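A lone chain, given as structure tokens: the form predicted on its own.
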């Protein structure tokens, strides 16, 4: 195939993604596109998000129409210079498609394999991407989430780090037998997880409840934790939308759950029907509701947070970055006030509670700069 043409393909966001559909082209044929500029809006089974251009180049040809689902790795566009003829472009596309092989279910199963380990009587589900890198990152999701919340972060950062993402107890495919949802108990689970996987040093990236766990782990296991990246963390102020936690637990239908999930994002169009259905399916698993109630009781009551972590965070001597959406409807971004001046604080405009989904590339760059 021509070396002067560049293939732009359907990205793989997260271990489970097999296909995606272009909802909207954000660039036109003939446009010069810079690496990192938004190229298309893509819908997966889990979320709608914008794909950034992986390369600099002129967009010569759009190869996929909107609203057509294609496998991961499919050719969606061709970049090159304007001197290239239409015949060369068509030949390039034809050769790419002739050589493209869709990953079969068996191969995908091997590549997308999750791992499980026992920590006492709790089974922890996790994914590990990247190997033989110098540094380790562990992602800790928030209340009601799972390791797939890091679908835009883990795979990208695995190019530079050994990355681990876990399902906390009560979440995802981990055990649903939570009896202690305190930050100290969850921090101990993080330490035990690292010990079981022979990890002696780790950089923690935590979101919301998971960020509170990360702070607690850094305080309790100082020799283990090298840095923290905290996204909309609990524990730095009193205010919280307690109704979000309550309604997440009690919602039993798509109609009830969708407006609850919309609170997480500045742009609620990110939420897909499949995402809502997947959360409902998770909530109907035996043990989930009770586990969530136990953890919720450790987080807040009557719109007031129970945990006070600001003094402990200020006392840490490791690199710390905090990322907060300016439009966070769950926990206000002004909780960053009166923090140690050594702590890096990034407030992202037009962003809600899920910065690692809404502004994944920006969050990934902050994580890299923290480490």
Partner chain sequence: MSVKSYRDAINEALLQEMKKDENVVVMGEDVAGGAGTNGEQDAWGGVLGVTKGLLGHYGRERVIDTPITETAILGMASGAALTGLRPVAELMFVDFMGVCFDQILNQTAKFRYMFGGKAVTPVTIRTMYGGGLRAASQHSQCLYPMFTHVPGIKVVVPSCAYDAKGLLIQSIRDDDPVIYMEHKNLYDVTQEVPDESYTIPFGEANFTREGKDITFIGMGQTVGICNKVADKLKSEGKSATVLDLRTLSPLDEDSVLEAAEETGKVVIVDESYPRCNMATDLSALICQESFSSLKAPIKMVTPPHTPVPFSPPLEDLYLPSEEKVYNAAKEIL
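The structure presented is a predicted model; accordingly, all values stated were derived computationally and were not measured. Numbering follows the first chain given and starts at 1. Just so we're on the same page, rigid core means the largest C-alpha set that superposes within 1.5 Å between forms.
The protein also exists as the form predicted together with its partner chain; that form is not presented, and the subsequent description refers to it.
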With its partner chain left out here, work out from 172-180, 87-95, 221-229, 73-81 which stretch has heavy atoms within 4.5 Å of it in the predicted complex. 172-180
Can you check whether residue 284 is within 4.5 Å of its partner chain in the predicted complex, heavy atom basis? yes
Taking its partner chain as it sits in the predicted complex, is residue 200 in contact with it (heavy atom to heavy atom, 4.5 Å or less)? no
Contact label in the predicted complex: residue 159 to its partner chain, heavy atom within 4.5 Å: no
Using a 4.5 Å heavy atom cut-off, state whether residue 196 contacts its partner chain in the predicted complex. no
Work out which of 117, 280, 294, 102 lies within 4.5 Å of its partner chain in the predicted complex, going by heavy atoms. 280
Tell me, out of 263, 184, 135, 254, which residue has a non-hydrogen atom within 4.5 angstroms of its partner chain in the predicted complex. 254
Within 317-333, which residues come within 4.5 Å of its partner chain in the predicted complex, counting heavy atoms only? none
Does residue 347 show a Cα shift reaching 2 Å between the shown form and the other one after rigid-core superposition? no
Rigid core fitted, then: does residue 21 show a CA shift of 2 angstroms or greater between the shown form and the other one? yes
Under a superposition restricted to the rigid core, does residue 48 display a Cα displacement of 2 angstroms or more between the shown form and the other one? yes
